[in-house]
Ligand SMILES: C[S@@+](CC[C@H](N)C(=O)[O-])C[C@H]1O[C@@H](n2cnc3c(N)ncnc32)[C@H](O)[C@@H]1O
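Take a look at this single chain in structure tokens; it is the form predicted alone.
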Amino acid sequence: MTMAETEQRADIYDPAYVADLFDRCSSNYRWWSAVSSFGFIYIWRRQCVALLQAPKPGAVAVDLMAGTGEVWPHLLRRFPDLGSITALDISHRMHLEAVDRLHGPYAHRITHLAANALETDLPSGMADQVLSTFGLKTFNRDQQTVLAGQIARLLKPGGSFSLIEASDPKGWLLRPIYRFYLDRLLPRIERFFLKGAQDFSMIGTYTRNFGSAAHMADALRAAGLSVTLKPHFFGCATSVSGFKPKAD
């Protein structure tokens, strides 16, 4: 089935579809995402963490749509006194890949849950920090509104959040080349190197539909959070960050 046929036949925002997509991607996710983004994904993860406010020692971070935990080294290097990370991902195989990586000096500080971020029953006010790297594009606007409510619920007053996502840089002079790479060239490269796979090529569809994190920023403001929207590399990614105001 071609990408066009997939888009026509499937609800690409259905949680079951997303979970199945990333189950298939899981074993190649780390290296392929780094190669296909020319290393920008590493830079953007680091920039996402840099937008978080420094918490008190022993603080709790919640990593939503955590994948296989690529952001954790950035988080723990910047905040070495962080107490623990609770990580969620809807993909069971991503969950297994992440659990396999829980070794070394910080393994005991990370809890990874196979769970839907839109429906998590983690305790309200448990998090000093909430972050997500490259999970927003798999949510439509209604789902982003639900996610914003979850982030506001999870954060303690004064807690900070930072989310970053690959975006569609409308207005950028080189956007046609960027879109050609995502929509046409990347699917061909993936089919060649990954034996006919087409899963990572869905990033073209997701980024085109996502546009930018502007709607997520609006949803977070509506949920009562202080929000800053920021473009990265001419808008090829956008971040939304801020904090939960303390009560007067």
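Here the structure is a predicted model, which means the values were calculated and not measured. In this text, residue numbers run from 1 along the sequence as written.
If you look for the form predicted together with the ligand, you will not find it shown, but the lines that follow are about it.
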If the cut-off is 4.5 angstroms on heavy atoms, which of these, S124, T111, N140, N116, is the one near the ligand in the predicted bound form?
N116
Heavy atom of L96 within 4.5 Å of the ligand in the predicted bound form
no
The ligand contact at G135 in the predicted bound form, heavy atom, 4.5 Å
yes
D128: heavy atom within 4.5 Å of the ligand in the predicted bound form?
no
So in the predicted bound form, does any heavy atom of I151 sit within 4.5 Å of the ligand?
no
Please pick out the stretch from 46 to 54, 179 to 187, 213 to 221, 59 to 67 that is in contact with the ligand in the predicted bound form, where contact means heavy atoms within 4.5 Å.
59 to 67
Between 79 to 96 and the ligand in the predicted bound form, list the residues on our side with a heavy atom within 4.5 Å.
L88, D89, I90, S91, M94
